[in-house]
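Two separate entries follow, structure 1 and structure 2, each one form of the same protein chain as structure tokens.
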Structure 1
């Protein structure tokens, strides 16, 4: 604590304002903290800076070249400009180049997911028709039979966020850069399908991709609405005890107006415990919700041993009478109540209250008490 370097407040100048920063912060971190927006493409706060896309360049006084703010450490006394004419010129030119190599079909792009690059190209008016359009030489893996993840080589800009995510966060290195020069693409070792690779189908590559090159297969193949037309409902994953926060993407008109969950997305990195990450179950296992096997009506067993649909009124009275009957014949402690770690806190509270206050027994336990 007595270290003099520690207590000294470090500052730099950002767009004319003097701002404090702490050791280890990048220029992008500092800008973000004080509310200055710098456009980025290859940056993801969960990943080590790669500094490959060049969208985040800023001017540093006394430096001959523009500096990538995502990969440049802040140092005391730096004078940084994020929006000079030179920076803007550079950015527009760069985005124009990206645009030549990026599909212009907006509707198609939006079906793949939010496209940060297209939005940025629009914002800067950077599409330069004179530059024409290139068809990419990158190869995809059209035969990959994995159920969840689709790769469109046309939309890929080789920012490597997916590859780095797979290496650094999920740490399974299922995907990698493959090929050389203009043919460089994202692939797997030997081009095998993701199902046969070390991929754990976490979908993090889709989540981090800024262009929709990595996209979810299910919504694509089902021809659903673009993400921005869906309602997002923040909730808690119903699988394991990590309790990841997730956004159910709901088509409100689906299922005859009952609403349909058509996709799950993760909240932005840094905002919830799961830091923008989800596992295969949280991100992709939502079809069970609307499965044809769901129970849709109360059932009671008839004298013939078969189950018959009935009304709520009938089912609830029979349930109450049946349980009360056992209590009458054998006492309250002949009843058992099994509650569930899958259900909510409120529902568990109610089951134990039902057992204790209504039926008079402490024979109540949740399944999986460990």
Structure 2
């Protein structure tokens, strides 16, 4: 039997405009879809809504209190206002409270990473709402020996995005909220270092942090410029066959003016197949790009047994001669071809074609087995 309500279009009124929505969408989902900006700090589309930062509150007609749009389900007939005198008053007051115990120098803060809170304070003109600088009661973490992730409790706003990401996406629960009241901070069980915990050093906490409290260590120790001053180049991670997309952050003035990759960041969630997630290799293993020991030309061994630079034509010719010599002396099955998961699918296909069609052996493998 047909359900008469099944084909009914669900609509609500958003800032005076009638907008259709799908069952299960939140008010924030609906607003984003139609291009209405609602500020958020604790929201990440990969995580379950928490509604803890209170920056996304909106007015719903008939409701006594403002509603968190990230955690409020859209229902038919709702009349929602995202920008009113009441909402503006709330935002300015809230952001002023955040600014009271948050580092105020945006240029200095953003050397750790983009600070969405400071950008929001400037956007909504909330600087004058701050009550004056207060000293933070949050205890600093003991020096952590891990080489990649740094935490600054002064910049933390306890939005829990890092903790929830570690639990809901990575499922390792390496970090958690610790302490009580004004002394609440982000820590690990018993305050141990990340290398001693279940942390996989994926850097997801760095990626999801809205204020730069969680930051990558290497750019900080090298005194590099703020991320917004770097050029971003979208590329494909070549450490395995998954094909995750990532953004190389390039300092145009690095390496004698030729540009230098100084960090790797994730594309926005929902825009790529890896949904903004990366592993420890994809996010942090980029130093080889400019390493002094990196090979920049093919090498062949001379009569004295030492390796010398040569041209690609010479190197390929010598490799072919060597492989053919083994086949002639010992047969095709004396050869084995091992390709790399860091190659593309097409390149790995050519390697197996080379092994089977050219040299006549099935001894061919690739570590990702694709």
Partner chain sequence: MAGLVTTFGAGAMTNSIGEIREADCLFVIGSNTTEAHPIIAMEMKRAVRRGATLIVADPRAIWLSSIATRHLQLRPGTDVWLLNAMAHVIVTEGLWDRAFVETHVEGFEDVAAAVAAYTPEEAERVTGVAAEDIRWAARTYAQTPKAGIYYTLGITEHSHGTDNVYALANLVLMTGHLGRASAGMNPLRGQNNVQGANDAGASPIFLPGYQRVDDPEARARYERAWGVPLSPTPGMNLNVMMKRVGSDIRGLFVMGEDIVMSEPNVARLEEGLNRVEFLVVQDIFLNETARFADVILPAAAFAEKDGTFTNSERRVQLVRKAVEPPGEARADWEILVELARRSGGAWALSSAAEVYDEMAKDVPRFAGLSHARLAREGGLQWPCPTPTHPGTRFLHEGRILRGKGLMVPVAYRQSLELADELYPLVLSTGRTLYHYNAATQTRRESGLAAKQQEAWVELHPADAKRRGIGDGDQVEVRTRRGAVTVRAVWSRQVRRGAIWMPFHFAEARANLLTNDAGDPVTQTAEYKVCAADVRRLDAPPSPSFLPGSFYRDRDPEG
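These numbers come from a predicted model, not from an experiment. Note that the rigid core is defined as the largest set of C-alphas that superpose within 1.5 Å between two forms. Positions refer to the first chain, counted from 1.
Asks: Eyeball the pair and call it: which is the form predicted on its own?
Replies: Pick structure 2 here.
Asks: So which of 222, 294, 24, 338 is at the hinge, taking the rigid parts that turn between the two structures?
Replies: Checking each of 222, 294, 24, 338, the hinge one is 294.
Asks: Can you give the rotation, in whole degrees, of the smaller rigid part against the larger between the two structures?
Replies: Interdomain rotation between the two structures, rounded to whole degrees: 24 degrees.
Asks: Quick one: how many Å does the C-alpha of residue 299 shift between the two structures once the rigid core is superposed?
Replies: Spelling it out: core superposed, C-alpha of residue 299 shifted, distance 3.9 Å.
Asks: Core-aligned, what does the C-alpha of residue 326 shift between the two structures, expressed in angstrom?
Replies: Reported C-alpha shift between the two structures: 10.6 Å at residue 326.
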